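Shown here is one chain on its own, the form predicted alone, set out as structure tokens.
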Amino acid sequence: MASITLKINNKNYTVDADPKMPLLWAIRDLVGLTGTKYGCGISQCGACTVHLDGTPVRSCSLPVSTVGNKSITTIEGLSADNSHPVQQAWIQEQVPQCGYCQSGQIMAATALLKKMPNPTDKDIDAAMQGHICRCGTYPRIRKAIKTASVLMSQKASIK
């Protein structure tokens, strides 16, 4: 066990953890932020996606000791009230069915739109590749990403 400080959603958390513990378990079990989900445990499904210094990563297989001073953003860190444009688009387009994969999907979509504000279908497919939705809501996910793109551009033009 080691005392490790994690910066999650702009707040520091000091946890006692085995350095090999996956970041996902530190986030969920030690910090108590349960929005990030466990899906496969081998970085294949995307349910555990969080941002590490703005880059989407699979937290289920990332040892907590490798995070260092990097900033972690979870689904809870996007907004406290679902007001983030991607969350709003997900609600507007009624994306989730079971909803289990959706926090990972939203985190991947948010990273895509930050890098590429107006993605094509091909861009969306490439960025979302490997994010598995057992319910098959892929057409709604694509539509929500396009809706979020519009919402984000409208928000930017208001400023």
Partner chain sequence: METITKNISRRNFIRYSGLSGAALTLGFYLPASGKNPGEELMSGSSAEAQGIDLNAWISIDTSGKVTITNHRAEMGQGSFQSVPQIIAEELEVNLDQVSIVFAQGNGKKYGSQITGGSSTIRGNYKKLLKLSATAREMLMEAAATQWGVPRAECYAENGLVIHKGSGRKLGYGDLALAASKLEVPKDVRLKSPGEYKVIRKPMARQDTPLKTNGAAIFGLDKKLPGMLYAVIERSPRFLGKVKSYDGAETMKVPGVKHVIKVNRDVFGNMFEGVAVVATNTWAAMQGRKVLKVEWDDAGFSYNSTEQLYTKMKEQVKGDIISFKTKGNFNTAFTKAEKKLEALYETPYESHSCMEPLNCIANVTTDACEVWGPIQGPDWIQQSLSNHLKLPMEKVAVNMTFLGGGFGRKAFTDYPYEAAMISREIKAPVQVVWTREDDTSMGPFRPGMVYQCKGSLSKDGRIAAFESRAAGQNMNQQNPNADKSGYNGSDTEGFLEPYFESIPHYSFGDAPLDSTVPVMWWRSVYASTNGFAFESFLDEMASEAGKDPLDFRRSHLGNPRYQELINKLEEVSGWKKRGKNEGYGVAITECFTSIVGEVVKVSKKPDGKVKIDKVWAVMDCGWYVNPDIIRAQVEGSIVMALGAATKHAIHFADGKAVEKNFNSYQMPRMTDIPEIDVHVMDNEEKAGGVGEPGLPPFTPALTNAIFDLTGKRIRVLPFVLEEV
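Residue numbers count along the first chain shown, from 1. All values derive from a computational prediction rather than experimental measurement.
This protein has a second form, the form predicted together with its partner chain, left out of what is shown; the following refers to that one.
*Asks:* Would you say all of 22, 28 and 106 touch its partner chain in the model of the complex, counting a heavy atom within 4.5 Å as a touch?
*Replies:* Every residue of the spot touches its partner chain in the model of the complex.
*Asks:* Exactly one stretch in 127-135, 111-119, 49-57, 65-73 has heavy atoms within 4.5 Å of its partner chain in the model of the complex; which is it?
*Replies:* Contact criterion met by 127-135 only.
*Asks:* Closest heavy atom of residue 140 to its partner chain in the model of the complex, within 4.5 Å or not?
*Replies:* Yes, residue 140 sits close enough to its partner chain in the model of the complex that at least one of its heavy atoms falls within 4.5 Å.
*Asks:* Using a 4.5 Å heavy atom cut-off, state whether residue 156 contacts its partner chain in the model of the complex.
*Replies:* Because no heavy atom of residue 156 falls inside 4.5 Å of its partner chain in the model of the complex, the answer is no.
*Asks:* Can residue 2 be called a contact residue for its partner chain in the model of the complex at 4.5 Å between heavy atoms?
*Replies:* No, no contact at 4.5 Å.
*Asks:* Just to make sure I understand: among 83-98, which residues lie within 4.5 Å of its partner chain in the model of the complex, judging by heavy atoms?
*Replies:* 87, 90, 91, 94, 96, 97, 98, in sequence order.
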